[in-house]
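Structure 1 and structure 2, given next as structure tokens, are two forms of the same protein chain, each shown alone.
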Structure 1
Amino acid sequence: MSKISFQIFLGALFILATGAIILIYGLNEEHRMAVQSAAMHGRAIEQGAALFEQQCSRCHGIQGTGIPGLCPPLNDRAFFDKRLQEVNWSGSMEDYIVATVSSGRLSSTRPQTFPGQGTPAMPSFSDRFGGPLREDQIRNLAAFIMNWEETAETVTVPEPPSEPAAGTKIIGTDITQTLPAGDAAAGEKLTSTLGCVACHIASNVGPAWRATGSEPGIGSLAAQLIHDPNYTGHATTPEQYLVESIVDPNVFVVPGFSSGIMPGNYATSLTDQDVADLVAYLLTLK
């Protein structure tokens, strides 16, 4: 065989082989694209999860179950099944989430149950409206929230006490009043129904209550903080410090945290008995 024919022969063979490989590769394209799409969706959910933790959990709760008296649950059957009709939204759930998160809410549609921060109830998150998130990040957040749809259970939101029970009264902001005797066990229960746990135990949105490697628990800290030179509140005892932190959280903001995150409506929604129970419980966390 001459050199030329040999090269033509081998070259033709190579071309055939190349063609065959491309053909076989092509047969798998449908599958490959499906797998790839699923992977991208997975990635979107992962990133949404991280963003939710950074941006949203302080209001909507670590697991999206909401914070009573502050923000609505999103990991909630009713949210997925009924909410769109309730607000007469004609688009899809995903659009509703994207729209809400992008522009936020100036005022709450349910000011009684979920007042949020007041005005705006929920800040706008889109960077087009001065928020911190890009559009793709907001879509990732929506993917994450939508991933709750199949498993979401009904969240029952405890009604804020409209009429305080007999013998108790709405606490108000006076921290020097004498409180009824507190029950630590009842207080512990309240911390989860009221959603304090979401910020103070399950995450570090608020100061940790339990003792960590380097810091004592809130029960001991309260006694230390009132003697701190930077303390700006008016409490003179650990009990008063705790009451003040609950009913008037912004007179003294714990260093390392910003004001306005801890809900500010406890003075008007909790009774003196509730607060006494909470304080009794907190004091046990040395």
Structure 2
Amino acid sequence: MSKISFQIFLGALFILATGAIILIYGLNEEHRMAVQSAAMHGRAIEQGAALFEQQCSRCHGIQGTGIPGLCPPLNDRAFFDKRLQEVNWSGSMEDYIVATVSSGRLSSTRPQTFPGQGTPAMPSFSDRFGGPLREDQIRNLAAFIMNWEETAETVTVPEPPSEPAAGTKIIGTDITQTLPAGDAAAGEKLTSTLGCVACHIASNVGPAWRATGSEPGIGSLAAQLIHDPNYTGHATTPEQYLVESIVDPNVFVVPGFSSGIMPGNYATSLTDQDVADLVAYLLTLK
């Protein structure tokens, strides 16, 4: 074989080998892209989980199961199965989440059950509307919430307080009024019904009620807080402080926590007996 023939043979062999490599790579490209896409989606969910904890958990709960009287559950079968029909949304669930998170909500769609934080009911989170998050961060947040769709179970939402029973009255905002005798056991049950335990016991969204390390429980802490130089409320006794924290929660916010998180409708939805029971229970947490 001449030198030229050998060179032609090597060139043809190289072309065939290159073509085979390209063909093999091309046949594997779909699988490679699927793996890459899954990895990117996984990172988006992971980053969305961190954003949810930072930005959303204090209103929608650590596990997304909502906080009664404040904000609805998102990790909920009904949210994925019925929400789009309730609000007449024609797009995808993910796009609905992105739109709602981006622009917020001026008023609650279920004000009797979930009044939200006030006005607006839900703030805007997109930096296009003055919020703290970029578009890609909101997409990651939506990816995390969508990740609950396959495993979400039905969340039972407590009914709003009914009409007060005979002999009771709506509490109002007068913290000096004389309350009826309280029942600590009934108060403990009411804290679960109202969802108080989600913020004050199950998570650190609100000040801890139970004693933790060197910190006393709320039953003892109430007596200390009314003498704190930074106290801005009007209570003169631990009982009044506890009533005030329920019916007028933003008059004094414990340092380290945010205002506007505690539901602001208890003054007009709880009875004097409800509050007496809650105070009786909280005073047992020394």
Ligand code: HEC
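For clarity, a rigid core is taken as the largest C-alpha set superposing within 1.5 Å between two forms. All values derive from a computational prediction rather than experimental measurement. Counting starts at 1 and follows the sequence of structure 1.
Of the two forms shown, the one predicted alone is structure 2, not structure 1. In a rigid-core overlay of the protein, residue 220 has its C-alpha displaced by under 2 Å between structure 1 and structure 2. Once the rigid core is used as the reference frame, the Cα position of residue 238 differs between structure 1 and structure 2 by less than 2 Å. Once both forms are overlaid on the rigid core, the distance between the two CA positions of residue 247 between structure 1 and structure 2 is under 2 angstroms.
Look at residue 41: with the core superposed, its C-alpha moves 3.4 Å between structure 1 and structure 2. Here the two forms are laid over each other by their core, and the C-alpha of residue 23 is off by 8.0 Å between structure 1 and structure 2.
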